[in-house]
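Let's start with one chain on its own, the form predicted alone, as structure tokens.
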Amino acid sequence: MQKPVPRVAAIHDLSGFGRGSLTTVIQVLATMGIQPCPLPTAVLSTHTGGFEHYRFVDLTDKIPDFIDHWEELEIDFDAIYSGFLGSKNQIEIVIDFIKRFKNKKQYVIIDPVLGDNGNLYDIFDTEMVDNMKKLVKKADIITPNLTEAQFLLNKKQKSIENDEDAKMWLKQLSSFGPSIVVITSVLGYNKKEKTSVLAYHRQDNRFWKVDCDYIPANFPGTGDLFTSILVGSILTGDSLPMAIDRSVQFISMAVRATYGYDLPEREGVLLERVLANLNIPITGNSYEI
């Protein structure tokens, strides 16, 4: 019998304070009518974006036992979705998870979290990049930001300047394995004062672009928010460009709703203020072919 509610295995860390990782993933997927099944990779007192002296409990050694229990229960998933992974061992665990739970009707979505603003995060090195490439090969969909795309492709070039660049980067990432590649946070691509999301679907060989106004703020967790909405949109029947459009429009709304308040950026966008708008039909679209 077909499940009345799609089910997603969400492999992320969990932060007690700050809007990101599982805190965001669970809220977004549940609001979109999808059952999130969290598999925490670590528990933190806060997320790591802007908070010092946070407390951290690594669950790497516990995850395999959790996975064994899920396999004993014969749980099946409509999607496997991983985000921040803190080590080579966690990447290997996710690869094993995909091998054990993968089915033909399922999406594997990998957000290859490695860095931002042109640099790797402090805890990562080139060895972690090489291991992330192994995980990307197992994906149907990947959602790197521009920096992560650069490191996955071993490029010295830190920006995408034109359509030819965009198509080359997207196709090269797809050649690793995923049939759908989405690159986020592309600043100034063809239009000043804009940030773009670029996408490629290898099956029909089409490229897509969605723009939004650039707002000079840096809210942690928007990458988790973007990919979670994309996952929910695709599982509920949106086409790729419509799913990207929905994600971009919602994040733009969340950033605008937050930007007017005098709040620390490190706390993330005011997701609770706008969450109810996730399921509003999109009346217009801004994607370009």
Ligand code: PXL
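In case it trips you up, residue 1 is the first one in the sequence shown, and so on. Quantities reported herein were computed from a predicted structural model and do not represent experimental measurements.
Below: the form predicted together with the named molecule, not depicted.
Quiz prompt | Residue (of I251, I34, A243, L44) lying close to the named molecule in the predicted bound form, criterion heavy atoms within 4.5 Å | solution = Filtering the options by heavy-atom distance leaves L44.
Quiz item: Looking at the named molecule in the predicted bound form, do all three of S21, G49 and F84 come within 4.5 Å of it through at least one heavy atom?
Solution: Spot residues vs the named molecule: full contact, yes.
Quiz item: If we take heavy atoms and a 4.5 Å cut-off, which stretch out of 57 to 65, 256 to 264, 26 to 34, 220 to 228 is in contact with the named molecule in the predicted bound form?
Solution: Stretch with heavy atoms near the partner: 220 to 228.
Practice problem: May I ask you to state whether V113 is within 4.5 Å of the named molecule in the predicted bound form, using heavy atom distances? | Solution: V113: yes, in contact with the named molecule in the predicted bound form.
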